[in-house]
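So here's one chain in two forms, each on its own in structure tokens, numbered structure 1 and structure 2.
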Structure 1
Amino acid sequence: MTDKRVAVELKAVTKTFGEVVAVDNVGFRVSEGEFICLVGPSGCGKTTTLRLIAGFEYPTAGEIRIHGKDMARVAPHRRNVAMVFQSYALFPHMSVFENVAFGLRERGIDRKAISRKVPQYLEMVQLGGYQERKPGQLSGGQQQRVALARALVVEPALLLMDEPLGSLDRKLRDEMQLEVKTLLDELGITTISVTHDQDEALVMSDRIAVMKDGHIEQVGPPRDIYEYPESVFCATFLGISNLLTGSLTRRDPGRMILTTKEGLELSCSLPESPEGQITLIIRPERILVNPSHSRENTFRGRIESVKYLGSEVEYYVLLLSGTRVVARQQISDAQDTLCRAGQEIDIQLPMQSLRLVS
């Protein structure tokens, strides 16, 4: 990553609207060709961050650089950035063809090249036969794909996407995720995308930036964020986590014991041994149900409810200590017998799967 050129850099960017701090001291870099996803709850400042980069808003403080150039005095139309809007923003008075051709025409591309490229990009988003339609005659998903084609066709230095696949149905979204990702990789377009959908973030991104209340909680590759979340917020925002809060009652290196409020004693091995209240997390799929060899951290509990997910099953378990945990198990065979609510089971929280978060 270090050898790649920096495409975008935000330095301590802050944006306030009156009293509201929409973006709070945000800084990150995006390398050329990289795909970075901004995720976070509604109102955390994702759209505002994109709008700052696009030039629709000016930062209250801080600096935005695209390819090393300070953007403070550069108008949106000179940034060579493309954007896919949350509300599509297709031009209602133009046909699909004209919408997609708009950016090319503004760039002074000749007619021949335009009539070659537009169908090519419409084909790419599977809208081959729709050139003459008006946006009003398309479904939400089709409009979104036109918006995508319109942004991609100009081959921008930087692509911004605000929930680009938000209104597509599950199946189309899964297809589009991979297609868009492949396409962007092929074109080598640097992308900053915003999404609510955690799967989308995990599938598409090279790196994920988790935002909360206008600031960035953590930036890293999807796997790092998922496996080593630094905060309770990140651990619960991307995927489900079991939280175990307590304090260390034994702190030998290599073998420590965390005693939770409910009195659950957990063996763990942490890189440091902090004082006071700490929180460990464990992902539901790392918890073993009825392990064949019960070793450390095995507890008895009663299943309160069962959630069948098709390929997996989730057990909501109340441990004897009074702690509640969720365990998720793969269902690998049709003959597998699933546990039922009310049943007593053993569950194991493997030591190496417990992570310390702040």
Structure 2
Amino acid sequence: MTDKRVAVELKAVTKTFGEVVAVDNVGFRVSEGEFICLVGPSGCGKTTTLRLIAGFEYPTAGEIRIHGKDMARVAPHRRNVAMVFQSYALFPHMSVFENVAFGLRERGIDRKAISRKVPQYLEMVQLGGYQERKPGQLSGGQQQRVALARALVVEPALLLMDEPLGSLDRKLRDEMQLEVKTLLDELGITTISVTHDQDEALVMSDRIAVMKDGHIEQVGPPRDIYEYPESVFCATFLGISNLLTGSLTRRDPGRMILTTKEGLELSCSLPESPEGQITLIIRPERILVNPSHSRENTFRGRIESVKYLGSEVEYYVLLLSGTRVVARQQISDAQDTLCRAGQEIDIQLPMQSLRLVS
């Protein structure tokens, strides 16, 4: 969290629909100009949280403050908030110009100002010269740019986006992620976005809020969420994690020994000595395949399957202990051949890459 002024603050926000608790005691802050992503599985409450901030739903309990003012019961059109939807929500009978100008006209902006501002924002989203086209004449990426221009042209205090790139194919989505993020950074627009796409959250956000069952599991910068997840859920939702569950069976100087339920003995370094069953995680890219020297936490295993990903490869390995792990390896120019399914290999789980999660 930066020292900038707080733009949005949710305090103990809860939303129920009958007996269903959709949002459960959610609280977080968003700084001025910050981009935060709400991520989580379907039904976790992220879209409902966004709708509460937009004013499309009212909270059952709690406060929603935008620039210090309580907006929990304020109508959407009085919040100075703009929203971009996954479906674009463009008017098919209107031109690109008319679509972008719609919000300005609704706010009573005069024609001269509209004639000046609309082309300016279309240029920002690289659609200069498309003013007279109808949405049906545009590609999906172009329609999304129109929707973004329509939201930005009213100069909102807060931009909300609900799965904004979800309708695009993967290649275009990857391009738009950087394009949209760069534009919003340049404009300094405070943004809250909902997405189920892990890569999108990691690439675009300044911070990520991981949601589960209506509440927030963890909030932090993308790297912190990825490298230091606080729960098994966060570790497995964002990226792939190898879970190693067991108990501490020995304590040696500078290390502890975790024995997994399969009998695998792992050296680890933990900030404390937890009792009972514990879980360690290690990301696939932290595992070393056929290390040059036999080191601590090196085990023999057999490759069950191989997933070729172009610049890297994933090995699904069954260790002699019966533990299954996924190892990811970058492919270098020096590699003539890759390991094959059925081949025996050594893998190392570096002690410093093992993380304790709750």
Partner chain sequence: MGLSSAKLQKEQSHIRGLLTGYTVLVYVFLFLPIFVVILMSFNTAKIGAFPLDDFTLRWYSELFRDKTVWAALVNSIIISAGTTLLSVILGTLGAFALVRHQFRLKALFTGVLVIPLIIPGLIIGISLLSFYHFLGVHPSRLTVILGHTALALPYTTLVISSRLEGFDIHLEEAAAILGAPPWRVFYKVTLPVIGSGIIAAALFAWTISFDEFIITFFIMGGAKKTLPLKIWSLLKFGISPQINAMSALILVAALVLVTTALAMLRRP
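None of the values given here were measured: they were computed from a predicted structure. Whichever C-alpha set is largest while still superposing within 1.5 Å between the two forms counts as the rigid core. Sequence positions of structure 1, starting at 1, serve as the residue numbers.
As for origin, structure 2 is the form predicted alone and structure 1 is not. The candidate at the hinge, the spot where one rigid part hands over to the other between the two structures, is A82 among S241, A327, L50, A82. Of the two rigid parts that make up the chain, the smaller rotates 14° against the larger between the two structures. The two forms line up on their rigid core, and P253 then has its Cα shifted by 5.8 Å between the two structures.
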